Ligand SMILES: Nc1ncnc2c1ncn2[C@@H]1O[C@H](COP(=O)(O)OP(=O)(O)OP(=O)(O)O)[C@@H](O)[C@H]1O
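This document opens with one chain alone, in structure tokens, the form predicted alone.
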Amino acid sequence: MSALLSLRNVWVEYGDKIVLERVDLDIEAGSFVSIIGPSGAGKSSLLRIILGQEVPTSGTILLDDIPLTPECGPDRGVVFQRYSVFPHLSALGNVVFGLECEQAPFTARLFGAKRRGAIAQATEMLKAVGLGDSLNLYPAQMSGGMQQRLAIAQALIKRPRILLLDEPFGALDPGIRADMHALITQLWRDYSLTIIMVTHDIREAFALGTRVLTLDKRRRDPHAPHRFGATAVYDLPLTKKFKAEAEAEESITLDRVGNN
């Protein structure tokens, strides 16, 4: 069976600085891939080229064996660490807006039966992320965890096949972070998503992922550090036993935090 997403000899360069080099990856449908690595290793750059925000300097990215177009398509959704929500729209308005842009790209407005249908879809999605009682709240009235739930609803409303997460829980405190871990795991299963998540938290990477990739440089030159890019130096598939141990350790850590 062919991979859902394939990267073939992908390079990313900015001027004379090489950020990624010789990246070769196959990502299966339904997997949850955690990406870790030091700062500056090109983790966010990798997400941007998969999303379609940027074009690799060289190499090929295939989605279902078809070259990926350099644009942000509905088959890929993204959630960033900073809450990417519209402050002037309610929770319901934030999620409906995605459907309006998709179904009425020139006016971004729906009317009549189409608008009622969009509101119904958005309401169900907000319920799925735990915001069913907060439809009319504005982002300024929400906690950080609620705003991130709203951002996830925005990303999922168009039913993407691939969900990209760029440090999505880094700004949350440990208790809320544990709730978000449970939520994203449930959504991954319920919506048959393929998730690619960048995180600096190694425990989070192992607890959530079915596979952990480490991006780093294989070669270094102290006189010209910018001339070598990062690639996948480790690629570890996770067994259920390994994940259960990681999840148990995370639970113990959170209990300690809560008792202090």
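Residue positions are given as counts along the sequence shown, with the first one as 1. None of the values given here were measured: they were computed from a predicted structure.
Although not depicted, the form predicted together with the ligand is the subject of the following passage.
The ligand in the predicted complex comes within 4.5 Å of a heavy atom belonging to residue 38. Looking at residue 45, you'd find a heavy atom of it within 4.5 angstroms of the ligand in the predicted complex. Although the partner is absent here, residue 200 sits close enough that one of its heavy atoms falls within 4.5 Å of the ligand in the predicted complex.
The ligand is not shown here, but in the predicted complex it comes within 4.5 Å of a heavy atom of residue 19.
Just one listed stretch, out of 205 to 213, 26 to 34, 45 to 53, 61 to 69, contacts the ligand in the predicted complex at the 4.5 Å heavy atom level, and that stretch is 45 to 53.
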